[in-house]
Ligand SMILES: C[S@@+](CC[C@H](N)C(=O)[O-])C[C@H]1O[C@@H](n2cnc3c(N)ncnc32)[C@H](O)[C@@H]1O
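For reference, the chain that follows is the form predicted on its own, supplied as structure tokens.
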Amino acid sequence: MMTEFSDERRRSLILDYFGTDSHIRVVRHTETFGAPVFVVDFDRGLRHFRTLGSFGAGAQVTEQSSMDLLYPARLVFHYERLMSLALAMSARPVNALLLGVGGAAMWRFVRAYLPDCAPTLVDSDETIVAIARRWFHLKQPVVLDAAQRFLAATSTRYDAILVDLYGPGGPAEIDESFWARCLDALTPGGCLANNWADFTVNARVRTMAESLSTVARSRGLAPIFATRRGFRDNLVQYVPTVPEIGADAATFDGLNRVLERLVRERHIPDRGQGILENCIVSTRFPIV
């Protein structure tokens, strides 16, 4: 495991990954996340980025979240832009629950483009939250709690719930009771979205995604999946509770109409940055 490596070795791995011209801001161990994390600044052509990354087994460097330093509200990663469509699949996105803070990318997006939407942020790792405050412009309070425990205790209902829960080994272990609590916490007309990373190589992902589909279908709701063809890293699973929205968004053309509405109503720059270009949209777990 990476915990056996020295800070000097970790810094060498970061520079190998991001380039020797990159600027390492901080490397810290996290008790709850369970692996060292880091913040690094680097350039890609004329663009300047800041990334929150982590170390996994076998000296693997993983990018958790990224920020365009010139345009902090823009969503850098493709899966984040896919996740944002859940806000357009909500009939009335007045409040949102963000489970997993990371580099606060979704919080910055909501604050900039949905100023009438009040986000609630939940994360179990105090170190991650502190890094988001220091390096990623996070300015609002965060509930320091496990997502499962928070959902079990809350009586608040949310118009959108965005789930992005990870550890060094991949997606957090999530069962049907968690998904039931998520759907219980949605307002009528709300939408749930979950990010599944490494969905083609991590066998646990399909089992957990199918558990969400099972819970959704037991309530008469239709899950929707979207991923970029050939990308093989991230898959987003939606459960909209408005039947008309769900039926429409279950095809590529329908989800594109959702995107067009989000771009039009929220003035998203660059028309969503080609968010659905070369994407697969399906009502079943995709095989790509």
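Note that this is a predicted model, so its numbers are computed, not measured. Numbering starts at 1 and runs along the sequence shown.
Same protein, other form: the form predicted in complex with the ligand, not shown, and the subject of what follows.
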Which residue, 79, 71, 113, 135, has a heavy atom that falls within 4.5 Å of the ligand in the model of the complex? 79
With the ligand left out of view, choose which of 147, 131, 209, 216 has a non-hydrogen atom within 4.5 angstroms of it in the model of the complex. 147
Given a 4.5 Å cut-off on heavy atoms, tell me which of 89-97, 183-191, 198-206, 119-127 is the interface stretch with the ligand in the model of the complex. 119-127
Using heavy atoms and a 4.5 Å limit, would one call residue 164 a contact residue for the ligand in the model of the complex? yes
4.5 Å heavy atom contact, residue 241 to the ligand in the model of the complex: no
Can you tell me if residue 106 lies within 4.5 angstroms of the ligand in the model of the complex, counting non-hydrogen atoms only? yes
Taking heavy atoms only, is residue 64 within 4.5 angstroms of the ligand in the model of the complex? yes
From first to last in sequence, which residues of 20-41 have any non-hydrogen atom within 4.5 angstroms of the ligand in the model of the complex? 33
